[in-house]
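Single chain ahead, written as structure tokens, the form predicted alone.
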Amino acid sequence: MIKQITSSANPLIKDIRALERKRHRAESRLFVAEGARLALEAEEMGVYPKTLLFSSEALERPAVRDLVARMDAAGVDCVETNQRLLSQITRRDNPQNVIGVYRQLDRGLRELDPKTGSIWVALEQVRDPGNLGTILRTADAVGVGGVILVDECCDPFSFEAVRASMGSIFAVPLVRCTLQELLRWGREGGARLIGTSLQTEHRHDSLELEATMPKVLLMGNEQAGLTAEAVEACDELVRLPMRGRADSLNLAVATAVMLYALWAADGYPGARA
């Protein structure tokens, strides 16, 4: 049954607004994803929200009406509200008119087998949620086995990270672990750990690796790069060549270049025609 809520004092609205805070997301194991397009993409992957909020204006669109009907039939808590409350939830002046509240999807490292994917991404102490969301989107495009968050990283379920992922938050397996856990997992699965560093002259496109061998791309913090321990643990270190005045790339851009270099070395298996 579809509910109607128009008051910001409603307990459900208060709980959803609180998901802006990392602590509340961690305690509730929920997060917010904005837009009908993201809700439709999640549905295609078999992921349904706990709660779906939408404005009365959104119901004028046949696609949204059909979406709401399917969600309601599936037992999702469907709530018709107004743009004012949607704006309060998203902290935007012009919010999306459909918002989903989803259960967090991260899992344990032991649930993943390195051999099920030829390329994996590990991010050590990444702090910028926009970078993290963009990396998730690129990882989805390349078809990586998963994204592994090493030690203290920013929250992939923050509003900014979810927005930047453009729906890929639902498609890419997410894992959190320590560096030692990552290294043990990689060794046991026969994976090669590849990092970027200024301490080498080997270019990013000079790697010669077996296409069937699992490869873990390890990228570091936006300012400091990889820790000394991570650099020491890498099986291969490469650097991105520079020509102009800039001496580094944005983390999300550098990760994209590296991912496509690794995928190209494999011969772009699975690429759509």
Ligand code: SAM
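Throughout, we count residues from 1 along the sequence that is shown. These figures come from a predicted structure and were not determined experimentally.
Omitted from view is the form predicted in complex with this ligand, to which the following refers.
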{"query": "Segment assignment from 64-72, 32-40, 207-215, 223-231: heavy atom within 4.5 Å of this ligand in the predicted complex", "finding": "223-231"}
{"query": "Partner-contacting position among 261, 19, 254, 13 - heavy atom within 4.5 Å of this ligand in the predicted complex", "finding": "254"}
{"query": "Contact assignment for this ligand in the predicted complex, among 180, 104, 82, 199, heavy atom within 4.5 Å", "finding": "199"}
{"query": "is_contact(residue 59, this ligand) in the predicted complex, heavy atom dist at most 4.5 Å", "finding": "no"}
{"query": "Heavy atom of residue 219 within 4.5 Å of this ligand in the predicted complex", "finding": "yes"}
{"query": "Interface membership of residue 28, this ligand in the predicted complex, 4.5 Å heavy atom rule", "finding": "no"}
{"query": "Close approach of residue 45 to this ligand in the predicted complex, 4.5 Å, heavy atom", "finding": "no"}
{"query": "In the predicted complex: members of 235-262 within 4.5 Å of this ligand, any heavy atom", "finding": "238, 239, 240, 242, 248, 249, 251, 254"}
